[in-house]
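Single chain ahead, by itself, as structure tokens, in the form predicted on its own.
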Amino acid sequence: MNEKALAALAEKLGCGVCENEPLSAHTTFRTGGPCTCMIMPKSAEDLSQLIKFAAENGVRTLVMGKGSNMLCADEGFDGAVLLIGSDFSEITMLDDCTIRAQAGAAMSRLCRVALDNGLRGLEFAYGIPGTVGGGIYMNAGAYGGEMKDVLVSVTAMDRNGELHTYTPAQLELTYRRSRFSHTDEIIVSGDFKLAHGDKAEIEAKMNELMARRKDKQPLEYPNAGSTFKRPEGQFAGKLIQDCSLRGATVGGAQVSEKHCGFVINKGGATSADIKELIAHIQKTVYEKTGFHLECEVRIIPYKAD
């Protein structure tokens, strides 16, 4: 019942609160059952109080942004979801080429702010469906660019509600990983150092990369982006295609016929369908090629392990 007490504190702070909220409404796979409660913090101060209360009272928490890299259990989440979204999405200019974005800001919006200020460096991120927090968490990248190329500092909160600011060297940014992949800190904001450029050229590049996404990726179906990390010296999509898995299905889950690196919700898929298909792909590719495909999607269980 401590979730109810946490929800009561959130309401007292003026945060949005929903009980038994379906996670399918908040994940890009469009799957996942209800969480015990969902709370929308509005500030770092709110988040600090909520996190401290949760830690002191044994409330299991899950931090979510746009749910673009998560597979939540069909049973839901036994605990409180902290939704870092539009209420936590302020973007400000620190100087003429440095932008600070709160974790809940959409990546696409951050890219548009950079464009509006004639700043280049974030074109690669235009079209990445997640939030700034999610992008930092996994060092998101595409088309030759990564978050580590433009991040100059990140502020995060530990489970005691204390803020810490990290330099690039402390962020441990590698391929689809960061320090936050193995800590329980919550990303609050990131500072991005960009360079001045020609607005028309920046916009043209953003539009070109968006067109390439639409042409190559199955954006018309719910998905979580690239399902697997790229194996050294190989491409996950090609390995899957070469193993004759294009279009393979489990229930409503399918290996995209447009791009084999994507598992999609073709219609009516459950999280169990998607999880089973992922396991089938991994087993088949390993047996036929010797490569182990590491899942890029975070699988969130109903109860703590």
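For clarity, every value in this text was computed on a predicted model and none was experimentally measured. One rule holds for the numbers: they count along the sequence shown, beginning at 1.
The next section is about a form of this same protein that is not shown, the form predicted together with a small molecule.
Checking 128-136, 90-98, 110-118, 162-170 against the small molecule in the model of the complex, the stretch whose residues place heavy atoms within 4.5 Å of it is 128-136. Contact annotation for residue 185: at least one heavy atom lies within 4.5 Å of the small molecule in the model of the complex. In the model of the complex, the small molecule sits beyond 4.5 Å of every heavy atom of residue 4.
At a distance threshold of 4.5 angstroms between non-hydrogen atoms, residue 176 is in contact with the small molecule in the model of the complex. Within this chain, residue 245 is remote from the site of the small molecule in the model of the complex, having no heavy atom within 4.5 Å. Of the candidates 70, 50, 255, 39, 70 is the one whose heavy atoms come within 4.5 Å of the small molecule in the model of the complex; the others do not. Taking a 4.5 Å heavy atom cutoff to the small molecule in the model of the complex, the contact residue among 122, 103, 80, 202 is 103.
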